[in-house]
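Here we start with a single chain on its own, the form predicted on its own, put down as structure tokens.
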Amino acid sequence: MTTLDDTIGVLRRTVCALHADLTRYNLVTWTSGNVSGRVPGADLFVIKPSGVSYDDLTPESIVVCDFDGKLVDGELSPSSDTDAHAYVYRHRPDVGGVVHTHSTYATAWAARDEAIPCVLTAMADEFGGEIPVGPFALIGDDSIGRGIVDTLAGHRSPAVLMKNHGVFSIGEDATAAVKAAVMCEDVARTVHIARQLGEPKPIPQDDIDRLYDRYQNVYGQ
């Protein structure tokens, strides 16, 4: 019989390993950025500890918090973004993973307070439209989390550009949230380059809808 401790142990290992994707895809620098994952069957999540090098992360160093952002298990202090993650988990029961990065191109769009327009089929597939911009908010309480939830409520996008800050992405689990962060940076770079050549051409909404439906419901095994 699988216990809660067993479930948390598996999730700690999974979330620890996923942090390697943030460095592999050049989404973070130094100790910035984080991945978290909801603990199935409990009002808990696991998240990267604050200020720890990616090279030094171990499953044991990943900490467990409750949905108020309070440390439940672990020897280290949770990420400074813990309150934002906690708010998302409290208000979005469908979300099983949250990721935060300061990836270069996507964060450049956030610095301009500009949504990334849906001009690529890859965007229609993954995001179902534009990648929206959320409000400016300071770290220290759940203001960032509130901005994430409020902004994504009107969008199919699993990623949001928080103004002057960076990217937050969500998913049914932590792996899906990491994928959204990787894809967000990829399309942010491509659309930026396209704009150096001229004005990118938007995809008609009907085609976006068809592409999104196919990718979400047909594509893959």
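One rule holds for the numbers: they count along the sequence shown, beginning at 1. Please read these numbers as outputs of a predicted model, since none were measured by experiment.
There is another form of the same protein, the form predicted in complex with another copy of the chain; it is not shown, and what comes next is about it.
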{"property": "4.5 Å heavy atom contact, residue 173 to another copy of the chain in the model of the complex", "result": "no"}
{"property": "Partner contact for residue 73 in the model of the complex: another copy of the chain, 4.5 angstroms, heavy atom", "result": "no"}
{"property": "Another copy of the chain contact in the model of the complex: residue 143, any heavy atom under 4.5 Å", "result": "no"}
{"property": "Contact test in the model of the complex: residue 113 vs another copy of the chain, heavy atoms, 4.5 Å", "result": "yes"}
{"property": "Residues from 47-82 in contact with another copy of the chain (non-hydrogen atom within 4.5 Å) in the model of the complex", "result": "49, 50, 51, 52, 55, 76, 77, 80"}
